[in-house]
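Quick heads-up: it's one chain on its own, the form predicted on its own, in structure tokens.
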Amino acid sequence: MSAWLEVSLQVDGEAAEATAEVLQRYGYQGVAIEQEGIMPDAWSDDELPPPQKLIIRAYLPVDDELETKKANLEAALGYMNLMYPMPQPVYRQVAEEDWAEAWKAHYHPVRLGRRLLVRPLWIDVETGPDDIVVALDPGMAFGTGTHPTTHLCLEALEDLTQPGAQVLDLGCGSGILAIAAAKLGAAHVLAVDNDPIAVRTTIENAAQNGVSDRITAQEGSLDTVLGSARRFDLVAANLIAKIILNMSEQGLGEIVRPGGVAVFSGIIQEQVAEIEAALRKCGLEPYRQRAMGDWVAIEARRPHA
């Protein structure tokens, strides 16, 4: 049984990005960002208030390197505290099975866009004839559909996925975006993540949703995709701004076919101008923004040659 050390900090919106970046360095599979005090079933597109307090969480494997990672993490937070008041991190040890069970207490069915319904595997809900249901067990992988960044991506996929499309889910997490794209009519989805747990979770969730034949999940990154020479009609990337900026410098635009589109989420309003400038430099033209609270998703098109 694997054991994990959860580290969490409660911060305001101004400190959230910097805190998430620090935790990203040491967390095993990225960070989770939650808006405190707002239950997922209370969210709506128009009524989500600006975030006042956010909880940033990361998970560190309990192994021989744990104490060194904790020391480095606390040192980095200490440097941040010199510039901006920072809370002390809160630690909690959990087993992998307990981590998964903890999600179940707070993870509820949520309707998104016009037809999408995301539900936990362990909850049955009434559905209509036009509903497209995505059933998930996130396990140790991030992505449940309840966070605004995923919410915005799913709404974009509903509008952008064309029948027969070739789709890339870059940083697939739980597989939620890949599964939604397949159910929305994509011919095939390549789902890549540099975390083997995320890949395993995506494969398992694809099977639960009956779309294994249209989803290939594998360990990888942007370099993997670029090296394969595969190009896509639609790319979905629910990542943090720093990763999107780095990928833009590494040829991110090349993986989108001429005339194809991409949606980028995990961006806060203050980062939009920088992200859009970076996307233009790598050959993509931003044409639409979707917003939910302080979070923004950017849709961009690669022009025809």
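So that there is no doubt, residue numbering starts at 1 and follows the sequence shown. What you are looking at is a predicted structure, and each value in this text was computed from that prediction instead of being measured.
In what follows, reference is made to the form predicted together with a small molecule, a form of this protein that is not presented.
In terms of contact with the small molecule in the model of the complex, the residue from I268, M247, A58, V261 that brings a heavy atom within 4.5 Å is M247. None of L279, I255, L54, L239 but one reaches within 4.5 angstroms of the small molecule in the model of the complex through a heavy atom, and that residue is L239. With the partner left out here, the small molecule still marks one of 87-95, 174-182, 72-80, 116-124 in the model of the complex; by a 4.5 Å heavy atom cut-off that stretch is 174-182. Using a 4.5 angstroms threshold between heavy atoms, G220 counts as touching the small molecule in the model of the complex.
Not displayed here, the small molecule is approached by A198 to within 4.5 Å at the level of heavy atoms in the model of the complex. Taking the partner from the other structure, the small molecule in the model of the complex has a heavy atom within 4.5 Å of a heavy atom of N194. Although the partner is absent here, V272 lies well away from the small molecule in the model of the complex, with no heavy atom inside 4.5 Å. Compared with the form shown here, the Cα atoms of E17 and G253 sit 3 Å or more farther apart in the model of the complex. Put simply, E17 and A198 come closer in the model of the complex: their C-alpha atoms are 3 Å or more nearer than in the form shown.
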